[in-house]
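Structure 1 and structure 2 below are two forms of the same protein chain, each written out on its own as structure tokens.
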Structure 1
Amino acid sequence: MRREFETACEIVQAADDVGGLQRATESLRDGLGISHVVYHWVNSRGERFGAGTYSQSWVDHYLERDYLRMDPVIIGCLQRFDPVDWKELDWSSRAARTMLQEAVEFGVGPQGYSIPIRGPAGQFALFTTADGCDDTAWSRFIAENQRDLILTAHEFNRKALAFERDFDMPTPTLSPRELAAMTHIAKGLNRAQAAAEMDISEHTLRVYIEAARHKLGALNTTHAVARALSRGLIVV
């Protein structure tokens, strides 16, 4: 296994919350020199978790447009057990073509390779790599890294299953500033107001919110606030 994959797997193995999986996706993305590495999974209770390098703006846009309902990657992988190159999927509908065009505009794709994984109690996960290179370069990348991508995907999934089995998704530790930022957002303040309350810039506030989101394995800020409230990390 190449060193980039070994490093990511070591981070995953040492992870004690979703934040460790997040760090592993960032490490692998940087080590491979591609645009994105993402691991999303649904546990046996239907709860969604995510770790990955997609921008928050794309995640928010994706959820606002309800692309989860018609995403060819998800639909295609639900019907398969083998890894799939995005070019093999059905992008013929107008909605799918629009989604792909917007994804490219947000820095996602058009190249992608997703590995579906299923757990023993109905869990479902996708491990995805994506980039903006041309077809020839992407085919070469997959040919050279397919085996290690599959092994790494299963390492992520083994840790996620361990979280669910042994710890019921361990509650992450948020820093005092991360907790403060999430509390202000939960109280209904906008980002400018929350930043003013904390006497910091909006950019710094976004850093705290993103750090908390990644630790919670949340898909966006609203999801992160809901998780923090349900776990008793913040009280409003």
Structure 2
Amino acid sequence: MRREFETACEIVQAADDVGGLQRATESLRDGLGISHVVYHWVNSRGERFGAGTYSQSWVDHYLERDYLRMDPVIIGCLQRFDPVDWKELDWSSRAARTMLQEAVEFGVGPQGYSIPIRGPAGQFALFTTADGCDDTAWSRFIAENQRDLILTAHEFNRKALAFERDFDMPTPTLSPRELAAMTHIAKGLNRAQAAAEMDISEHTLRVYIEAARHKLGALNTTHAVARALSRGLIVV
């Protein structure tokens, strides 16, 4: 691992708040001589936060335009799990192209490389490096640093999860029947069908669903399914 990555990882490991992650991104940016290093994180409650070198004005602009909802980097990374060069993403919509152009005006991109990672409870993180260099220089940069970037992303994730664990509610345990019931419901069966599938009465199935709902602290069945999926309790 190159020295600048080692340094950044050490800062991450020593961090005891988001500010520590922030310093790590700055250290890595300076060490690598690129324009941006950003770690963006959605915790299990859907709260977003970020640590990185983007200017406040770009972040404000980005949020103001609600780019979170259409940013091809976000959209694309939510649908894959291997690192992606921004050039591979779908920039076909006009809104996306507009956004990229504005980003460049704010000193972000056009080159970028983002590493997505998902956590067990719906957490989602993106570790991004970006620069304004040309394609060949960027390709070389990625080829040389890809592995170190992945490992550094892991260090960020480890720390971010540690922060969260501190004030996280434990994931409840669902019984096998509750899991089976939730799985059937998540697959789109209604209560009667799910009950038939499990060969139990519809009422019994309801008991499972309600038990799961209460354990998950969910407001209704759909919410319970969403939570169970997000926490990796069931798989559709």
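Rigid core here is just the name for the largest C-alpha set that superposes within 1.5 Å across the two forms. Here the structure is a predicted model, which means the values were calculated and not measured. Residue numbering: structure 1 sequence, from 1.
Identify which of the two structures, 1 or 2, is the form predicted on its own. Pick structure 1; the other is not the form predicted on its own.
Does Leu28 show a Cα shift reaching 2 Å between structures 1 and 2 after rigid-core superposition? No; that C-alpha moves by less than 2 Å between structures 1 and 2.
Once the core is aligned, please say if the CA of Leu63 is shifted by at least 2 angstroms between structures 1 and 2. No, Leu63 moves less than 2 Å.
Core superposed first: is there a CA shift of 2 Å or greater at Met182 between structures 1 and 2? The answer is yes, as the C-alpha of Met182 shifts between structures 1 and 2 by 2 Å or more after core alignment.
Quick one: CA shift at Asn220 between structures 1 and 2, core fit, Å? In the core superposition between structures 1 and 2, the C-alpha of Asn220 moves 33.1 Å.
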